[in-house]
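Before any questions on binding or motion, here is one chain by itself as structure tokens, the form predicted on its own.
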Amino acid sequence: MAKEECVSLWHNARETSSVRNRKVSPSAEQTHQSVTAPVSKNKQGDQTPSSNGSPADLSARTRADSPNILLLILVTGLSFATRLYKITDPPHVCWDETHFGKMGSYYINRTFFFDVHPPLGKMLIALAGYMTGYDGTFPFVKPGDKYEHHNYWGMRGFCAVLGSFLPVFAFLIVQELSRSQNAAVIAATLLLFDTGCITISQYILLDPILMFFIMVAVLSMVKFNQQSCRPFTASWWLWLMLCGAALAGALGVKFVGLFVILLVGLNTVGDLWGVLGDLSLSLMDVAKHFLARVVGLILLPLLLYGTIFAVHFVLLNKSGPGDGFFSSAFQSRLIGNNLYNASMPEYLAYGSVITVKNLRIAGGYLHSHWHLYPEGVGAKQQQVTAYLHKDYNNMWLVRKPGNETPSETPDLVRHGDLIRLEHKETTRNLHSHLHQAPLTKKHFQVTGYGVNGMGDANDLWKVEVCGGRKGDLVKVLRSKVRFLHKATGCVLYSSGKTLPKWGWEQVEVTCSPYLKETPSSQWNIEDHINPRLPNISISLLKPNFLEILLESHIVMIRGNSGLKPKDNEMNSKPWHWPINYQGLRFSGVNETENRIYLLGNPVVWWINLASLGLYLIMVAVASVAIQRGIPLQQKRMEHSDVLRGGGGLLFLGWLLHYIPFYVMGRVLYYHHYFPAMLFSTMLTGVTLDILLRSADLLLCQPYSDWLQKGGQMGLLFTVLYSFHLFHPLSYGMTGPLAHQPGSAMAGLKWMDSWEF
């Protein structure tokens, strides 16, 4: 009863928009429905007005509000059973397990690596593996590699357990938003028997971890809204803080977590707007509400998010395959890197031997070798490339513009000075001219030219410290520098394009006539050898936590934007996803292999798609009727409030997790839709429940009740039977292929684009 009264009071505070209609102490009779806590329907029929707070009615409504424990236990049991069934099959690497399993191994071995996603998901996978006996020695080279004696089940099991909570959370969220257990059961059933949700939960992937935190955040937000009339109590703080922690978790797994942060943010803005309109609260009370949400939904998530990265940096303290993606100063932190605990001169000088590293992701080290550009590729001079690995051919000697003999006291290189860079191994100078670059045709070619440092005027480069002024010194590791070609005015540039085999598949280096500062045209001095200068410990130049945190995010964001489709790679389109146009092959291609195919249960996904359209129609009809003042029964008003309130929240969640992919330039895959699919499925539960409860618009009692029950049973049977047909997609197909007689999937390839 207390909960129902709380909800009623909260409804009135949120929904009353006119100042003249505000009440200091609103009563339950004056309550209207809210966004996240609609009132349950009247069980006495359409003609009977709602009870105004009698104990019997409030008790009944409270029972309707509370989830049926037996139903919840059943949903939980079925969810764990369907996700954990055959969790160790197939006993080899499947799809992206080759990435995320390998990253789990890196954490166990404390080896630094680079990934475009934040670290929380991989750290949790590593923890699960470590706790279940995995020692981090399996190489995860490619899909299909046998696990053999390695304990991989713990990492798969951990992801499956988190994925098992998704139907449970959906049940609880829809129950809170619709006040209908039937709606909650529909939503949970659709998720329980969706082959896509099962498959994506059973492997070592980030997706079940991400969706777990998204659903926790949404459930906590809804529960927090229910506590609105009991502010600053223990339960109020609990749900607020849990929501903030889940937001940090979602963002800590993938940047897609920003979408649920936006959803919670919009809900919070509406919530605070209602608080501001409650004239029973003083401005001091309003300020307290505002500050509490700042603490719970901004400061706490930021603190936890930063802590995730702090743990990440502490764990990965050994040099590894990710070094080259980060700056030289960042690399100096890593045990085993040549810069770790090294010492070298602090400022660049003439006569120094250096390596020069490009600042773009995988930009590489400025490199040359004895090989020449082939006939027809610019001038047939010595190749200059960018090489991703440390190598003796990355060494360059800094010379003065002329052939002056170096003075006894080294002259330091400053912003605006001219230099020649002589390749240490071949003694040819870094050179450019007006010939086209090999791949980037609007840029100029860069070559090695001359003999023993003797070249021409096209060997001169002007040093420019980014953000510096004339006379500023060039700091090793820390200064971002550009090299401007004196003769042509172009800037030394790493295009990121891979040269053909004649260029040893190294990265193209050009001279760009476009002078805008970009990471591709920025370089830093990494190795620095000059015996005539005093050395300083590189540890003095190590970046602090905030600097490496910022650099990590810059590198991750650039890495995400750089994920483009490879040659002959299928790039999924966002419009493909709601219609279940094409799935993903997780494992196996022929008759002898255990084939796993990620594809949503087509019946579930097409019901969701139809329900999206049905929802919009139902909301439009209800809104027009209310706007025109058409008298509606209490039951219809409650349905309308559920559709526009709880349904609107879920529809907004679907939009925020789906529409942004249309403007993303990166490569997209089918599995990117699954967070949006969760919201779509919960919305289907709300929509179909109200549609079935509106059967009395067509038929009188008891036929309307029969139609409602028949519709629910028909829906349940259809979903169960479709799961029976398509479950081999999740649990494995062996033997004949789908187009061959005797196949378990014979006749089920309903769309030509399905590849099972």
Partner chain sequence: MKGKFFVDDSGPPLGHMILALGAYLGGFDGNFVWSRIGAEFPCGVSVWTLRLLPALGGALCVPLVYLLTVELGFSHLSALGAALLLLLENSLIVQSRFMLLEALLIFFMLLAFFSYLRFHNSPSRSWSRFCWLLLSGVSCSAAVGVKYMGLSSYLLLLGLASVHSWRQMGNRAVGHVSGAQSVLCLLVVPVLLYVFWFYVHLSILQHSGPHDQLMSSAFQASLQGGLSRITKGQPLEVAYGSQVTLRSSASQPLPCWLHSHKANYPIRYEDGRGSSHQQQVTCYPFKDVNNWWIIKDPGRQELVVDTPPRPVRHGDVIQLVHGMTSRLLNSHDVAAPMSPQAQEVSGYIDFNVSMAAQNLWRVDIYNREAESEVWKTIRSEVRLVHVNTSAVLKLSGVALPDWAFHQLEVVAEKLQKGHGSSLAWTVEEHRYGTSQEQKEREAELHSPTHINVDRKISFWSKFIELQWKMLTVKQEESEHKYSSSPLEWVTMETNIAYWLHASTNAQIHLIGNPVSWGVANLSLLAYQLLAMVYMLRRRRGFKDLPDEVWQRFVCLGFVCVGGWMMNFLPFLLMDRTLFLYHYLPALCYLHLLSPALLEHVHTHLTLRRGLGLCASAVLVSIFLSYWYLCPLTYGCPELSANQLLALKWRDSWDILYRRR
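Under this definition, the rigid core comprises the largest set of C-alpha atoms superposing within 1.5 Å between the forms. Numbering follows the first chain given and starts at 1. All values reported here derive from a predicted model rather than from experimental measurement.
There is another form of this protein, the form predicted together with its partner chain, and it is not shown here; the text below is about that form.
Undergrad: So in the model of the complex, does any heavy atom of K497 sit within 4.5 Å of its partner chain?
TA: Taking the distances in the model of the complex, the answer for K497 is yes, it comes within 4.5 Å of its partner chain.
Undergrad: With the partner left out of view, is H149 within 4.5 angstroms of its partner chain in the model of the complex by any non-hydrogen atom?
TA: No, no contact at 4.5 Å.
Undergrad: Would you classify D278 as touching its partner chain in the model of the complex, given a 4.5 Å non-hydrogen atom cut-off?
TA: Contact with its partner chain, yes.
Undergrad: Does any part of F255 reach within 4.5 Å of its partner chain in the model of the complex? Heavy atoms only, please.
TA: Result no; F255 lies far from its partner chain in the model of the complex.
Undergrad: In the model of the complex, which of the listed residues (S282, N452, T233, T137) lies with a heavy atom within 4.5 Å of its partner chain?
TA: Checked against the cut-off, the match is S282.
Undergrad: Which of Q627, N544, T409, N341 has a heavy atom within 4.5 Å of its partner chain in the model of the complex?
TA: Of Q627, N544, T409, N341, the residue with a heavy atom within 4.5 Å of its partner chain in the model of the complex is Q627.
Undergrad: Which among 332-340, 90-98, 521-529, 432-440 is in contact with its partner chain in the model of the complex, heavy atoms within 4.5 angstroms?
TA: Every other range fails; the passing one is 432-440.
Undergrad: Going through 659-692 from first to last, which residues have a non-hydrogen atom within 4.5 Å of its partner chain in the model of the complex?
TA: Residue within 4.5 Å: V663 only.
Undergrad: Determine, after fitting the two forms on their core, whether F165 shows a C-alpha shift of 2 Å or more between this form and the one not shown.
TA: No, F165 moves less than 2 Å.
Undergrad: Given a core-based superposition, decide whether the C-alpha of Y673 shifts by 2 Å or more between this form and the one not shown.
TA: Not so; Y673 is displaced by less than 2 Å.
Undergrad: Given a core-based superposition, decide whether the C-alpha of K442 shifts by 2 Å or more between this form and the one not shown.
TA: K442: C-alpha displaced by 2 Å or more between this form and the one not shown.
Undergrad: Relative to what's shown here, the Cα pair R666 and L515 differs by 3 Å or more in the model of the complex. Does it come closer or drift farther?
TA: Here the pair is closer than in the model of the complex; there, farther apart.
Undergrad: Closer or farther: how do the Cα atoms of V116 and T498 compare in the model of the complex relative to this form, given a change of at least 3 Å?
TA: Note: Cα gap between V116 and T498 shrinks in the model of the complex.
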